[in-house]
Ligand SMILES: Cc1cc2nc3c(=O)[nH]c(=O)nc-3n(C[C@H](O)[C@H](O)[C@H](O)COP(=O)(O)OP(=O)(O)OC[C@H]3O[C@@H](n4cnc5c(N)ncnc54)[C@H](O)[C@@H]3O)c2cc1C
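Shown below, as structure tokens, is a lone chain in the form predicted alone; questions about how it binds or moves come after it.
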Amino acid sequence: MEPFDAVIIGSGPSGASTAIKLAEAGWKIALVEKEILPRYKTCGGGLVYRGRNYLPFDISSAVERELHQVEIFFGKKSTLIFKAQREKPIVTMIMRDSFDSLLVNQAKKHSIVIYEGEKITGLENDENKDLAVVKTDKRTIAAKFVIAADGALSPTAKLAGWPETRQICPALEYEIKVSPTDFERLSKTVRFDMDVVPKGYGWCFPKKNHLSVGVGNFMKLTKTLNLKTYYQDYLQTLGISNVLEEQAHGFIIPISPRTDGFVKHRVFLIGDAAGFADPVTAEGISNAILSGNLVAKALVESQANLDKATLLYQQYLDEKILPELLTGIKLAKLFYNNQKLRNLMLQKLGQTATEAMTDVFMGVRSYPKDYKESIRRRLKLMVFSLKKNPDF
């Protein structure tokens, strides 16, 4: 069999969108998925507007709900509350089984070969033929390039020789059904509750007829958390006393990029496999799709030249993703590790910060590179205000 131009491991948003981009450029593509589709995928299922905008086709058939308002609560007693609204949906709610199936069906329209229910078991680099050889539990596939889009655990990255250098954080999500009264009350907005978990937050995402409720810790801790206990407490915070049905799913989120590059031999990392989730919010779908678009662009523009593709991919990451992630890591430390300072600033600047974060979700701005100077300037203004008004 003639080798593929590229084999993509993982059929989620990053893998499927990359496959489509390359197929549109005339590349011969194979897509390998370990599960039989459709399959449940643990994920909050909140697709922010900028991520939706990266997709070149309509996803309305997979949309559970569109939310135009975000609420952010700070403190265990929710003493600080901020809201933001937009005309376009800030967050589109999806279930990953339907959403990923939609993406794969789009891939099938481009004559992409899809191998479902196959786990990758081996990976070799054939230097003599300038090919990578991927082994699954059912077949052997040769390709000029391998793209690892297989998520936080990424067996492909491990087989290619990457050590673990990402920061990994735990999260716990429940798909729950509640009373009609509770559902109606919580179905109008995207809700985040900061600090209901140490150095983390809880979220409540309304879907078509149920809620996705979760808790996660997004900074390193010296002790292991019992997230189930924090989830039960969070239900009380939400005012939910009776859960009619629930399904629990634990997962991990890489919230910092790998420190030793994103290409080895003929293997390119994208999405969670590369560690591209937002360090502040842990939202990962947007950069998963964007990094897939970037790697496709690099491969096509290189005309399948490995060295050139490697340089181009790094260049595009340096322009589009990495600066925001590196700033986000520093902002996350300030945000989660310095609650008193953060809350003091939020008393004056909370709505401004909420609007700015919403703009990040919408894709109209990124994190400020000069955030330290901005914070110093804000603090000076606050100190001046306190001196003029000591009763503040």
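Here the structure is a predicted model, which is why all the values come from computation and not from measurement. Residue positions are given as counts along the sequence shown, with the first one as 1.
Below: the form predicted together with the ligand, not depicted.
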| query | finding |
| --- | --- |
| Residue contact check: Arg266 to the ligand in the model of the complex, 4.5 Å heavy atom | no |
| Interface membership of Glu33, the ligand in the model of the complex, 4.5 Å heavy atom rule | yes |
| Any non-hydrogen atom of Phe251 within 4.5 angstroms of the ligand in the model of the complex | yes |
| Partner proximity in the model of the complex: Ile285 to the ligand, non-hydrogen atom cutoff 4.5 Å | yes |
| One residue of Ile120, Ala298, Ile176, Ile112 in contact with the ligand, assessed in the model of the complex (non-hydrogen atom, 4.5 angstroms) | Ile120 |
| Segment that reaches the ligand in the model of the complex - one of 165 to 173, 238 to 246, 318 to 326, 138 to 146, heavy atoms within 4.5 Å | 165 to 173 |
| Residues within 4.5 Å of the ligand in the model of the complex, restricted to 19 to 47 and counted by heavy atom | Val32, Glu33, Lys34, Glu35, Arg39, Lys41, Thr42, Cys43, Gly44, Gly45, Gly46 |
